[in-house]
Structures are given as structure tokens and as C-alpha cells.
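Shown below, as C-alpha cells, is a lone chain in the form predicted on its own; questions about how it binds or moves come after it.
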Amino acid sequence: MSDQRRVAVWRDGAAVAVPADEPVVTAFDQGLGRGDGVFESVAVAGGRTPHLDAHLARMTRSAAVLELADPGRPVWCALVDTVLADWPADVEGVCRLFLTRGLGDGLPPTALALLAPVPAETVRQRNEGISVVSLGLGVPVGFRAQAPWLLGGAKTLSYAVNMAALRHAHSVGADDVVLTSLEGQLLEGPTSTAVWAAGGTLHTPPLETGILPGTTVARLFERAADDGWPTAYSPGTVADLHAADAVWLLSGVRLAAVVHTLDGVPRGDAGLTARVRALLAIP
């Protein structure tokens, strides 16, 4: 497996390839000790990263929310190029970009790129669909958007709650989660964005709920509009998902995973998943 994993770190003004089993950051890095940083997961297909620009734009926004110095596009492109060197075109991969506050105190941030094959379970969920449970996040629907200290809409390294939600889902026999507000409004998945089809329109929750702006949803909505499929940022509830023609959780690497079971209730997709997948296909 080690020969299929790549690591690059920004050092002394250059992207440096590092063996995957060697340490690359100090134990005092604030990304490790406090989760003080941001990241992106970028799909690799055909040996390239066709959606890198959207992820770099979101990383810049996330870094700004954390008041974290973003080293800039040339640094990230150099890191990506380094881990992608000689990567087999027939191996689907996921390139993770990490930016942490490093040692702090005005010292340079830590910038890393990691590359590995897409896990088989991710491919299975993409192809076969997923079972999902709804869980409450414990915040009012609009609160995070008004509380910048909660870092709503930023893709931070503080993913302990996200992972705990997924572990709970697995403990009850489900694959994934859709989170809701105190009022029962739809928010997002721990690592994904919820989309549902109803009334001939594709819907996703408004960004004013404090959710992360999904790069895959943005791409889907742009292509759907060009294809004559109306889209909307709509408040919704779990009941709306049960009543929908189809429900998906979207993310950059898994793409559109159709929800075949929601809170133990089987559901269909009205034959719409093929259309969504076609819209998301890499040109």
C-alpha cells in the first residue's frame, strides 16, 4: 500500500516529496494539538485534478475565516504536481490538502498534500447507494451564520464531531448521516451535502444555515441549469426527504451517493440517479 501513497510538504520555498511512512510535522504543530487548520479533498481522475480550482477557492475562504495565512495557488499547485508525478492514469485517487497554523507565534503555516487511491468502500457507496440516519447537531438553524467563532461554512480540521456522527451511524447499521438543526431543518452530512429532487427541481439547504458550500453541488447545479433542470436553495426537513423523488449525499470524491434507506425506511430514486451522475461526469 505504501507505494500507492504519496506525501509532499512545502519546505524552504519548494514542494518536497516525502516517503509516506516518514513524519512531516512536529508534534507541536497546532493542527495536531488543536485542530487549528483547514483542508480539502480533491478527486484525482485520469492522473489529473479537474476540479482543483473550486477546492482551492474554498480553501482560501476557509483560511480567511480562521485568520490563517494561505500560501497561495502556486504553492498548492506545486504540492499537487509533486504527489501526482507518475501517478497511474487508471487509478482513481483522492488528494488531500492540509493547511495548519504550524507552530504559531507568527511562524509559517504548515502546507501538505497527501495522495492515495480512493477506498473501495467509497466506490461501493457511490455505485450501490447508502443508508442514512438523521441526527441533530444541536444548534438553531441560522445561528452559525451569525456566529463566526463557530466557523460555520469553513472546512476545518476539527472533525471529531463529524467522525463521531459517522461512528454512531455505523453502530446502528447505517452508512451515513444527515444533520438537522434544533428546529428540525436540514443542514448537511458530516462529509457531504444533501440534495433532493422534488416537484421537478433539485434542492439543497441554503448556505445561510451555516453549512459548508459544496463544490460538487455547485457543479451539479450549474450543469443541471444548463440541462433544463431547475435548482433551488430550499429550507427542508427530514419529512421533505421522505417525500422527495430522490435523495443524494454529494461529495467531491464519492460524488452522488443515492440514499436508498432513510431512518430505516427504504426509498427509491425515480430513475434520477443516472441523470445526476451524467451531469457530474468528468468531461
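From a predicted model like this one, the values you see are computed outputs, not experimental measurements. From 1 onward, residues are counted along the sequence shown.
The protein also exists as the form predicted in complex with a small molecule; that form is not presented, and the subsequent description refers to it.
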> What is the one choice in Thr49, Thr216, Ser62, Gln30 with a heavy atom within 4.5 Å of the small molecule in the model of the complex?
Replying inline: Thr216
>> Please tell me which of Asn162, Thr201, Thr122, Gln185 lies within 4.5 Å of the small molecule in the model of the complex, judged by heavy atoms.
In response: Asn162
> Using heavy atoms and a 4.5 Å limit, would one call Lys155 a contact residue for the small molecule in the model of the complex?
Replying inline: yes
>> Contact with the small molecule in the model of the complex for Gly189, defined as at least one heavy atom pair within 4.5 Å: yes or no?
In response: yes
> Leu250: heavy atom within 4.5 Å of the small molecule in the model of the complex?
Replying inline: yes
>> Given that the small molecule is not shown alongside this chain, does Thr193 nevertheless sit within 4.5 Å of it in the model of the complex, heavy atom to heavy atom?
In response: yes
>> The chain here is shown without the small molecule. Which stretch in 123 to 131, 85 to 93, 208 to 216, 167 to 175 comes within 4.5 angstroms of it in the model of the complex, by heavy atom distance?
In response: 208 to 216
